[in-house]
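Just one chain follows, in the form predicted on its own, and it is written as structure tokens.
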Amino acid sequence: MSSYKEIVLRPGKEASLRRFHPWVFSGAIARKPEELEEGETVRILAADGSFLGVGHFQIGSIAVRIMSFLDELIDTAFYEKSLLNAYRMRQELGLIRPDNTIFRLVHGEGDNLPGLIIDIYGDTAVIQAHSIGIHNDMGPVTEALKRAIPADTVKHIFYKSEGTLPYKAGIFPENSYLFGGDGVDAIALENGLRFRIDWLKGQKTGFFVDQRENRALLERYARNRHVLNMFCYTGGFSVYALRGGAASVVSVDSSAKAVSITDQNVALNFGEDPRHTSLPEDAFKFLKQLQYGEKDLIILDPPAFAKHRGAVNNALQGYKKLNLQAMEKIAPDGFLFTFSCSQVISAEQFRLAVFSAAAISGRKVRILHQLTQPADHPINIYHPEGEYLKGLVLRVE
């Protein structure tokens, strides 16, 4: 039995934990120690004193993230066991191969490690903490990672939590190497394609690992198509489209730096390919100026339009407007790959926004595929909030 400080819940508030949901909300708490520090590991008890779980305390509406429903220590051995389990699952998924050295090793609640993200890029692991508790445990996490992954597989560990940690006085995490850092190769492979990963300054951990399967699907549709990749970021969809035999690919992003990395990734795989052009341009402005029928395969993969529930309505209007613009301009019998990565937008809400766009456009539209996040971004069945990526592949007549 662990000897952590204890938090007691109000009567009847233990039901969700007994169903293995990994969050304790602040309103459910009856008593907690006055001297409790944010990030501390605590034991959670029901009103009758029965044990419920062990987790990290934090200030906010989510007051505790449950790390284990067993009464155990959250130490190096705990993290080693969890990371080894996560690694073995990725092996079973067939993701760890010579031609694929990019994958997500830990996906927070989906891997029963709330607040922790670990992406692997070649021989570099990039770690993000989304809670003070995980930040405080970075020593054990790093040591466990070295033990759980085969020797010499991970030679560098980069900590990137400047923009992901909730504010806490006195904690100012710096993006830096926790291990290695000399002679780093920033190029890794996804399904045989080479990508330069900017974990130092790029968005998230440097690459959108979650679109791997959807990029591979796009490759199958790209032959002889004139492709427009909106919000291209580092050009993942563009590179796959080129390998798929696209007649032309235009990559658009408001960030000139993202466009530059897209150009580098195209060159890494195809040299100076005349089929590819890129533009630093606002997406809505570009689509407005686009000529009808000029493109017959369009990808819409915008950043999250809603990061909290108060922004949902505006976000849905944004998705409707964006998809309407694409539907009004895409060539007859064109394919539209459209996505939402907003966690607070449900699949039903996103589909309704796209339906509204289709109805206003007046065009015949069929759904060919309904897409989601890949298996290395698993969804804990007890934590449906972990389902965030939604996508549709549409045929627009």
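These figures come from a predicted structure and were not determined experimentally. Note that residue numbering begins at 1 and tracks the sequence as displayed.
Absent from the display: the form predicted together with a small molecule. The rest refers to it.
For the options P303, G163, G181, G245, the residue carrying a heavy atom within 4.5 angstroms of the small molecule in the model of the complex is P303. When the small molecule is considered in the model of the complex, only one residue from Y319, Y79, F158, Y233 comes within 4.5 Å through any heavy atom, namely Y233. This chain is displayed without the small molecule, yet in the model of the complex the stretch 202-210 from 263-271, 134-142, 99-107, 202-210 comes within 4.5 Å of it by heavy atoms.
In the model of the complex, at least one heavy atom of S254 sits within 4.5 Å of a heavy atom of the small molecule. In the model of the complex, F237 approaches the small molecule with a heavy atom inside 4.5 Å. The shortest heavy atom separation between R215 and the small molecule in the model of the complex is within 4.5 Å. Although the partner is absent here, E281 is a contact residue: one of its heavy atoms lies within 4.5 angstroms of the small molecule in the model of the complex.
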